Each structure stands twice: as C-alpha cells, then as structure tokens.
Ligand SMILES: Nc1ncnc2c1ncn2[C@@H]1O[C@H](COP(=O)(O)OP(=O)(O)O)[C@@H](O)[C@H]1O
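First comes one chain, alone, set out as structure tokens in the form predicted alone.
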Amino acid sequence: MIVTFAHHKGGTGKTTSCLNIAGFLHESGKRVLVIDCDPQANATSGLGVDPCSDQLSMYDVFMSYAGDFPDVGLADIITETKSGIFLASSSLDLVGAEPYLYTIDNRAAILKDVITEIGDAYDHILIDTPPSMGQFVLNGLVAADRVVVTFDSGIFALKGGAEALSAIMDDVETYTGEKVVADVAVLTRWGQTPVIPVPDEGFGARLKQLFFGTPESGDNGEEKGRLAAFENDVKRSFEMVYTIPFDTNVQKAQENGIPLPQFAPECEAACVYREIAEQLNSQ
C-alpha cells in the first residue's frame, strides 16, 4: 500500500504522523519505505539521516527524468535507517528540481513510475510531501493508494486545507482519469494550550506562560469549544478521523532520529499512531 501524507500548510504534523505510523508498521513486522519528497527534508532528519550529506537523494531521482542528468532510480538511493525503516532521502537540492519538471510531459507520474521499478520490495510505502501545491505534492497524490491529511488546531486549517486539497485532487482526476479521495484525517497536537501574550504583566509573566501554559479561564473554555466544533467538522468530511493528543515525547523522539515505537511506545500519542497503523495494515 502506498500512503501519501499531504497538506499545503506547514506545521500540521504531516511529517511527524508519517514517521510514527511508519514506525508502528515496521514494529508489526512489515517492510516499510518512507519517501521524502519535501525539500525541507524533515522526514530524512527525523530518521537520523543528515540531509546535507553527499549521498544520492530524491533530487537525483527526479532530475534523471530531466535532460542529460545521470540515470538514478529509487533503488539507488534507498538506505536502511537505525530504526529499521527504509528511506529514500531528500535534501535542500530538491527545491531546484521542480522547475525542470515543468519541461516533462508526464511529470505528475514520475514518482508513480519510479515506485513501480522497485516492484513488491516493501509492504508499505509512505510518502511525505511538502507544504505546497507544487509538483511534488501532485506526484505524491498520483502515486497514492490512500491519502492522509493532517490538521493542526488553527482556526482556518480545515477550510483552507480542504479547499486546497480538493483543487489539486481535481487536477489529479483530470490528469489520470482516476478519482483521488482523502479519507483519513489526523488531528495533531490536540489539547495543547495556546500561549497568549499578556503584555501588561511583563516579561516574567510571559516567560512563565510560555513554559507552563495559560491558566484555565473563560477564554480557555471558548478554545475548547472551538476545537470540539472543528473536530466535528472534520468528522463530517473524512471517513476516518484520529486525534493525536499533545505529547512532548513526539518531539523528543524526532530529535533522537527514531519514531515513537522505539522511544516511548506507550505514551498517549503513540497509542493513537499505533491504532492508525493497525487500520492501514488491515486494508
């Protein structure tokens, strides 16, 4: 199964969800490949690989379709990370590949084509896409069997995300004749208390607020109500909706270059990611 993680907005927990679901799929005994199609290379660094190294990356794979560049296939760049998850890494160079793609007639199907070349070597392939509406997102959607959309609690996240992804999925249908449906939504960092500046209480109060959050108040109650309404809206738009609670273990795991199953497998966030992985595994 090929699963693409998408959202045109940054900071929605897309890469985090991709890596932790990959981690639990691996823990279940599956052979898992993560393809990092984001020039920011967060999935690459999140699996403990230096995106600034001289190794071949997705940049070389995409560029092999453009002009006189060397022929590099997906199998040529895949490495096994310390987590046991296999990785097709990214690098900042990837941002320079996109202009070349516009010179290629079949540019939206490049990723699907290179995945076909590796056959059935992996049980699950997870694709992390950049926060944009460009060719790498389009390639991820064309290649996908399933699409997972991640949302943060931003007030415009659902409306903007749904409209933008709907537009690009319509493009995919026009291009391929096949309808792409995003049926899984993941709400990330749910329950995180927003930090609201209090300028008239001085720097000390703001620093305390940064580390310990905002005390319960009427405003906090309004925020909880807004999040509940947001969650209900998402449930009306997606077949499956999962809520990931705010958990400091998530960031700590990424800083250590390993997914949650190997860092804090029983933490609150890990339990939900395990459930998502089990659902994908059963398909």
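All values reported here derive from a predicted model rather than from experimental measurement. The first residue of the sequence shown is number 1, and the count goes up from there.
Separately, the form predicted together with this ligand exists; it is not shown, and the next lines address it.
**Q** Which one, 51-59, 28-36, 239-247, 65-73, holds residues whose non-hydrogen atoms are within 4.5 Å of this ligand in the predicted bound form?
**A** Result for this chain: 239-247.
**Q** Give a yes/no on whether Ser45 approaches this ligand to within 4.5 Å in the predicted bound form, heavy atoms considered.
**A** Because no heavy atom of Ser45 falls inside 4.5 Å of this ligand in the predicted bound form, the answer is no.
**Q** Please check if Asn256 has a heavy atom lying within 4.5 Å of any heavy atom of this ligand in the predicted bound form.
**A** Asn256 lies outside the contact set for this ligand.
**Q** Closest heavy atom of Arg189 to this ligand in the predicted bound form, within 4.5 Å or not?
**A** Yes, Arg189 lies within 4.5 Å of this ligand in the predicted bound form.
**Q** Is Gly11 close to this ligand in the predicted bound form, meaning a heavy atom pair under 4.5 Å apart or at it?
**A** Yes, Gly11 is a contact residue.
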